[in-house]
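Only one chain is shown below, in structure tokens, and it's the form predicted alone.
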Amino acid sequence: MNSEARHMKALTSTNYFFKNQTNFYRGKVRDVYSIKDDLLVVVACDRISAFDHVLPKSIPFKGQVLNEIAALFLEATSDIVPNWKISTPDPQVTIGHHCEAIPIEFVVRNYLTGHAWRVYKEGGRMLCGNKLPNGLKENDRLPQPIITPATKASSGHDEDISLDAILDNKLVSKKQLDKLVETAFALFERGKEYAADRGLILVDTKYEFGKKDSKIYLIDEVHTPDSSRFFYLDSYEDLQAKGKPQRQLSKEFVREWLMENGFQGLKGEVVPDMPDAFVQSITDRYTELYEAMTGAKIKHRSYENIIDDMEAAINEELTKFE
């Protein structure tokens, strides 16, 4: 498939009506169908978001990359904490348990980059209750991993919050919070080990949790390029010593391109037009991360008849739950 043909093929949205469907929700990149209020059918579309805005062009194969990497890591961490995934009947679909979401993102950081660096650069030395040492430069490793939680906003930006403020606001109990923090660090350690085996550094990532039958479940995606940042291990020390930007696999380069083109989600700003070459570069980066993380070549799905094929695969899977 040539690059021009690729740009014409992407799954921007779905509009299904499944048997026993009780709800539908369209997130920034996922279409979520509730079945009997007990199961979720989650379609990872090819939409891409940055600065809490969905960008005007979809990215071929992005949904497949996110869904397949998330499935891999949900499997690889299920001994640490149960998770919502039941099956993946299509490269862009996961069917799983409906959980009551805990309205906190647990962001684990091991390096001073992204949001943390932007705060630090402006002189901030406290981040969500964590004291950051003086004298660090961008992308330096922190003395140890830290958790910088954020409250999940139903609209607008998520807000940084400290662990103390979580308890003060009674978002969860102390016992639950301790368990969630312990679990987030354990997941991060597993992710770091997995990445290191493949020549990568897990820089930072976010975890989301929910409850089902009073048990904590890991929900959403895990260790994907949308939820995580990775550096290449072999060039990290050299680039850091020379003060050069890190080779990284994440969505950060999309944010950087938007900022260079005058957009960071502020009022009155307009999302810039995305040239085909830039869209192709995003596809290439997501593919690169998939192959680096899995050690396998991606088998690009076909977009021919994708709507019908996906619906048939989901319906066949749902019959198992009737």
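If you're wondering where the values come from, they're calculated on a predicted model, not measured in any experiment. Each residue number is its position in the shown sequence, starting from 1.
Below: the form predicted together with a small molecule, not depicted.
Distance criterion of 4.5 Å from any heavy atom to the small molecule in the model of the complex singles out Lys152 from the list Lys152, Lys121, Lys179, His115. Contact with the small molecule in the model of the complex, defined as a heavy atom within 4.5 Å, holds for exactly one of Val254, Leu40, Met274, Leu289, namely Leu40. Stretch-level contact check against the small molecule in the model of the complex with heavy atoms at 4.5 Å: of 91 to 99, 242 to 250, 135 to 143, 167 to 175, the positive one is 91 to 99. The closest heavy atom approach of Val32 to the small molecule in the model of the complex falls within 4.5 Å. The closest non-hydrogen atom of Lys28 lies within 4.5 Å of the small molecule in the model of the complex. Proximity of Phe231 to the small molecule in the model of the complex: non-hydrogen atoms within 4.5 Å are absent; the residue sits far from the partner. A residue is said to contact a partner when one of its heavy atoms sits within 4.5 Å of a partner heavy atom; Tyr236 fails this definition for the small molecule in the model of the complex, lying far away.
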